[in-house]
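Only one chain comes next, encoded as structure tokens, the form predicted alone.
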Amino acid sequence: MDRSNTKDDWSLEVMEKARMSSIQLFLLLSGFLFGSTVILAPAQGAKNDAWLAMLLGGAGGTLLMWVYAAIALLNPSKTLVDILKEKLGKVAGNIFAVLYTWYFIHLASLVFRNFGEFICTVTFPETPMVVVIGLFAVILVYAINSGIEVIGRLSELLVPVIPLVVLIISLSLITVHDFTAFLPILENGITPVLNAAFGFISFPFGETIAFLMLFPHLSKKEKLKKVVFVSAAVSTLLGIILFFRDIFVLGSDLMARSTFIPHLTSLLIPGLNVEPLVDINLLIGGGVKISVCIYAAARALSQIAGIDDYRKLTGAISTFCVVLSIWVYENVLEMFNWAEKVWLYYSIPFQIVVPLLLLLLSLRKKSKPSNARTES
């Protein structure tokens, strides 16, 4: 009896049977959307009107996530790689699958760097960044190798801490607020708001394209659109609350000159040190986001290469992500510049163009049988 084959068969069987509840998917999506937004402050380009950009971007982001859910429902039990191969053909499908694998790996590397920059700047300035990121990666690899069900259960346990921390910090600052700090509205016109809103769609909502590798594990597919809508709405609301909290405390000028805005806000609480709470939120949100990206990359690459267990690739992919995260930026200013000016245009093909093409091809295929019956 070949024990290695038996082990592989068992692993494959476990993967296929892995299921997530609606609550677990909701919390995974929410943690992913929160991700590194705790330090990068999306829509900040709109300054005082960032709340308006978040409202518009949140609506657009919800619509984009609805497109991803529609693709998943039109192709039940199929991952993004399966859908690409079926709709675009084997050769083109594999090429796009490889590009998406790179996109997921690149995204995981950027979030690793966000995490490393924050921790090494505000918490452990004497510790080399590669050590901080490497230790974080070891923990995440263990979680990813435990399977999507374990990641889902961890999200049930940890992600609810995020809004709790936001609430604690916000209530602690209730006495130092200036509730007129966000005025006047549209001082610089509507153009900066629209630009920031479009950026907010790409980061973080468009990045949930990675969940097309996870949606097949949802146990109750009929609830997918509802889960997507609620998680997008909650994340938008949480982002707006964070913005108002920060601008009420710091004011628009100080916010514009700050590197890590929520961290600076947490330092202003009189007589109380809640700085570690910001670290905890980043650990949870960033951890969920990186785990999903590495899982999606490993699953995609295993399907492309015909490897039956994605866990054989997670160690190598995670190591590559750690190395790439150290190499990708020279300093923290370059990291913010990339996030604000480059990421949006780099992501458009992955987040919008290809998914819309897949949706159209899926709808056309669905309409063909009914047309055939009408003609007969």
Partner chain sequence: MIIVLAVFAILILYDLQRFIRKKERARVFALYIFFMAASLAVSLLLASGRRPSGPSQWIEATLKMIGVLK
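Computed from a predicted model, the values in this text were never measured in an experiment. Positions refer to the first chain, counted from 1.
The same protein has a further form, the form predicted in complex with the partner chain, not shown here; the description that follows concerns it.
Q: If contact means a heavy atom within 4.5 Å, which one of 40-48, 25-33, 56-64, 320-328 is the stretch that engages the partner chain in the model of the complex?
A: Stretch with heavy atoms near the partner: 320-328.
Q: Name the residue from 169, 144, 301, 249 that puts a heavy atom within 4.5 Å of the partner chain in the model of the complex.
A: Contact residue from the list: 301.
Q: Please run the contact check for residue 162 against the partner chain in the model of the complex: heavy atoms, 4.5 angstroms, yes or no?
A: No, residue 162 is distant from the partner.
Q: Quick check on residue 306: any heavy atom within 4.5 Å of the partner chain in the model of the complex?
A: Residue-level check for residue 306: yes, a contact with the partner chain.
Q: Is there a heavy atom of residue 338 no more than 4.5 Å from a heavy atom of the partner chain in the model of the complex?
A: Contact with the partner chain, yes.
Q: Residue-level contact is defined here as any heavy atom of the residue lying within 4.5 Å of the partner chain in the model of the complex; does residue 85 satisfy this criterion?
A: Result no; residue 85 lies far from the partner chain in the model of the complex.
Q: Judged by heavy atom distances of 4.5 Å or less, which residues of 88-107 approach the partner chain in the model of the complex?
A: Residues within 4.5 Å: 102, 105, 106.
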